[in-house]
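The chain below stands alone, shown as structure tokens; this is the form predicted on its own.
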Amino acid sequence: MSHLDIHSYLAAFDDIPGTRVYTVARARKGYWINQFAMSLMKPENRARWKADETAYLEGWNLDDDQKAAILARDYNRLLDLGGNIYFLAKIFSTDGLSFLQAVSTMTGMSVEDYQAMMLAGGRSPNGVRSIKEGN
């Protein structure tokens, strides 16, 4: 019986192009990003956030990189930093964006092109399957 090296197993997830698998390590890394995002479920917190985003973030245990990504609405970076897309939805919903509008910004596609691609079945499974191998 062989033993699986869990670190090698989890590292393989980082080789999937355009995909961030939400692992325990990623969850730990993004804990405060996600807690901040969930705080926006309360109307009084949304009002404080909209009044002064920078001041609102000062109340959270976020590093400068996390704060910058939040303020820039850089959702890809937030995912890299451990944000969970379902929690990040609280940010773009507060901004008045739909899931479709927000996620299209993560692809470099227009909302219309992204929507058409998804309605046609999503991205093709053919193409780059490994970052390391380039195929």
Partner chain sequence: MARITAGVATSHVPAIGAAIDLGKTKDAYWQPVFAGYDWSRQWIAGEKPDVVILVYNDHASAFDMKIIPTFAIGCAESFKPADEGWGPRPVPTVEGHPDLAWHIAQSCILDEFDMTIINEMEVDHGLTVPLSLLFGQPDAWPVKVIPLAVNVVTYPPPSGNRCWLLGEAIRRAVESFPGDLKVQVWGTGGMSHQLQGPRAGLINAEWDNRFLDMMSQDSQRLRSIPHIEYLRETGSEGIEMVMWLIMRGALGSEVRQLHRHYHVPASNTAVGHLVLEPVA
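This one's a predicted model, so the numbers in the text were calculated from it and none came from an experiment. Numbering follows the first chain given and starts at 1. C-alpha atoms forming the largest set that superposes within 1.5 Å between two forms make up the rigid core.
Another form exists, predicted together with the partner chain; not displayed. Remarks below refer to it.
A single residue from the set Ala72, Ala47, Ala55, Leu100 has any heavy atom within 4.5 angstroms of the partner chain in the model of the complex; that residue is Leu100. Proximity of Ala27 to the partner chain in the model of the complex falls within the 4.5 Å heavy atom cutoff.
The partner chain in the model of the complex is approached by Pro43, whose closest heavy atom lies within 4.5 angstroms of it. Using a 4.5 angstroms limit between non-hydrogen atoms, Leu78 is distant from the partner chain in the model of the complex.
When contacts are judged by a 4.5 Å heavy atom cut-off, Met117 counts as touching the partner chain in the model of the complex. Taking the partner chain as positioned in the model of the complex, the residues of 16 to 36 that bring a heavy atom within 4.5 Å of it are, in sequence order, Ile16, Pro17, Gly18, Thr19, Arg20, Val21, Tyr22, Thr23, Val24, Ala27, Tyr31, Asn34, Gln35. The two forms, fitted on the rigid core, differ between this form and the one not shown by less than 2 Å at the CA of Gly18.
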